[in-house]
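To begin, one chain is listed below as C-alpha cells, in the form predicted on its own.
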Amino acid sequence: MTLKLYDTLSKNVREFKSIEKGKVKLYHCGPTVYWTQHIGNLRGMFCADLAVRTFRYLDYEITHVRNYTDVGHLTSDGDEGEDKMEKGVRREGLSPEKIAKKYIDIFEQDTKELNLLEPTVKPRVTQHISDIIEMVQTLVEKEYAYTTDLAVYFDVSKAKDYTKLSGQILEENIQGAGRSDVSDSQKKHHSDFALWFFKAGTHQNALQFWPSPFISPLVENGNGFPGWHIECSAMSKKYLGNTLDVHMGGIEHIPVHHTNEIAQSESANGMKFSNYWLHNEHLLADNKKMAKSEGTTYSLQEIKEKGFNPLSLRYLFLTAHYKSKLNFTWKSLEANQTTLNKLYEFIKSSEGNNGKVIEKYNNNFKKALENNLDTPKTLAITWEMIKSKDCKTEDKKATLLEFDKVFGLNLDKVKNEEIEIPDDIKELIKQREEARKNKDWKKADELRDEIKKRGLAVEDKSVE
C-alpha cells in the first residue's frame, strides 16, 4: 500500500508522490506571536507534527518549515484592522521585539511539552523583509500587482482560477466592483489584497516599518510593512523552492490566507505552488468554537495547572482524525490521561529490551497511517495488540515503542524517569490514608478519584 492523503485543492484522497523520490518539502503556517496560543492552535501544530513523524516513519527525508509571524497579520485575516503585533504592544507596553520574544518562548515551551519535533527551519518574517520585497517587485513587474497611495495590491482579476482552493464565487465583473465597500478607494476590487502596506492612512503610526522601492506620495522611501499572505510565499520559496510537496494549516486559512498564497506564488513563480494541501479541522470546547468571550481559549499552562500531563492532550489529539472536529472537555482530558497512564504502566511492567517488532501489527499500523493519517485506527490496533494473548510481552513492548515514533508520547523515557509527586497530591494521599484508617470509605473514594484526575493511580494495601 502507498501513502494516500486528502488534498483540499483537488478535493480527493490522492496517492502521495513526492517531487524528489524519498524526500518531502513541507511548509506549515506557524503562529502570530502576539499572544499565548490556545490548545486549538496547538492542535494544528500537532497535526503538522503527525505528518512529519509519519513521513519519517515511512522512510522519507523531510524538510519542515514552520514560520513565526511577527509583523503584518492584521486583526482580520484580510486587510482590515490593527496589526496583531501592535495590539500586543499596546496591551503590554513592550516593544514589538520583546512581545515576539515573549510569545515565541512560551510557544516553544508548549511545543516541547507536547513533544513536537523541531522544524528544520523556523523563519521569522522580520528577518526576511528583503525576500518579501523581491517577490512583490516581481509581481509588480509582471503586472499582477498595482500601487495606490496606501498599499501595493495583488490584482485578483489577473490570477488564474483565483478561488480554486476555496471554491468561492467572485462577482463576474471583477474590475471596479466593490470600491465603495473598502477603506482604500483606489482599490480595483474589494478582494484585491495587500502585498505591502505603506506607513500611511490607518497605518501612519505603524511601529514596525522598512524602506521599499514602492512609491507613494504619502510616505518617504516607500516606508511600510508586508501583508500577511506574501510573507509565507516568500519564506517558503526561500527554503523550499517554487513548488512544495505539502502545505499545511487550519481550515480557517482556506478562503483567504492560503487562497492568496497560491495566487501570488503561482503568479510570481510561473508554476504550481504546492502539490498537496492538508487542512486540519477545529478543536471545539464543550461543543462550541474556542473563544475568549466564552472563556474557552484554554492554554497548555492552564492544563498543567489542573494537574494534567501535557501529553494527555497529545493523546486526546490522536483519538480523532485530523480532518474531524474534536471536542475538548475536562472530562475527556481526564479519560485520556487515564488511558495514557495505562500505556505507561504497560511499559513499566514489561521486562526486557530484546523484543522484536510484531510484523502483523506493524503492517496494520502502517496501513492505517497510509490511509490519510488515520490515528484513531492506529490506536485501536495498538490496544488490540496489547490485549492479545498470542504475542510475547517483550515483543509487544518493542512494537509499542516503534509505534511511539509516530505517537510521540515519550514511551521510551518511562522506565528512566522517576515520577515526582507534587506536594498537593502528597497531601491528598495523606488525607486518603487517614480516611481509610477511620473507615470513612466515601471520603476515601472521593479522594482517590481526585488523585486519579491528577493523573496518578492509587494502589491500596489492606487496612488493619
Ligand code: AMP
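Everything quoted here is computed from the prediction, not taken from an experiment. One rule holds for the numbers: they count along the sequence shown, beginning at 1.
The form predicted in complex with this ligand exists for this protein as well; it is not shown, and the discussion that follows is about that form.
Colleague: Given that this ligand is left out here, which of Gly250, Gly78, Gly222, Gly355 has a heavy atom within 4.5 Å of it in the model of the complex?
Modeller: By the 4.5 Å heavy-atom cutoff, the listed residue in contact is Gly250.
Colleague: Check each of Leu240, Ala100, Met290, Leu114 and return the one that places a heavy atom within 4.5 angstroms of this ligand in the model of the complex.
Modeller: Spelling it out, the residue with a heavy atom inside the cut-off is Met290.
Colleague: Using heavy atoms and a 4.5 Å limit, would one call His38 a contact residue for this ligand in the model of the complex?
Modeller: Result yes; His38 sits at the interface with this ligand in the model of the complex.
Colleague: Is there a non-hydrogen atom of Gly408 within 4.5 angstroms of a non-hydrogen atom of this ligand in the model of the complex?
Modeller: Answer no; every heavy atom of Gly408 is more than 4.5 Å from this ligand in the model of the complex.
Colleague: Counting only non-hydrogen atoms and a 4.5 angstroms cut-off, does Leu139 reach this ligand in the model of the complex?
Modeller: Contact with this ligand, no.
Colleague: Hey, in the model of the complex, does Glu134 get a heavy atom within 4.5 angstroms of this ligand?
Modeller: Judged by the heavy-atom cut-off of 4.5 Å, Glu134 is well away from this ligand in the model of the complex.
Colleague: Just one of 432-440, 56-64, 398-406, 25-33 has residues with a heavy atom within 4.5 Å of this ligand in the model of the complex, so point it out.
Modeller: Only one stretch qualifies here: 25-33.
Colleague: With this ligand taken in the model of the complex, which residues across 80-117 come within 4.5 angstroms through any non-hydrogen atom?
Modeller: Result: Lys84 alone.
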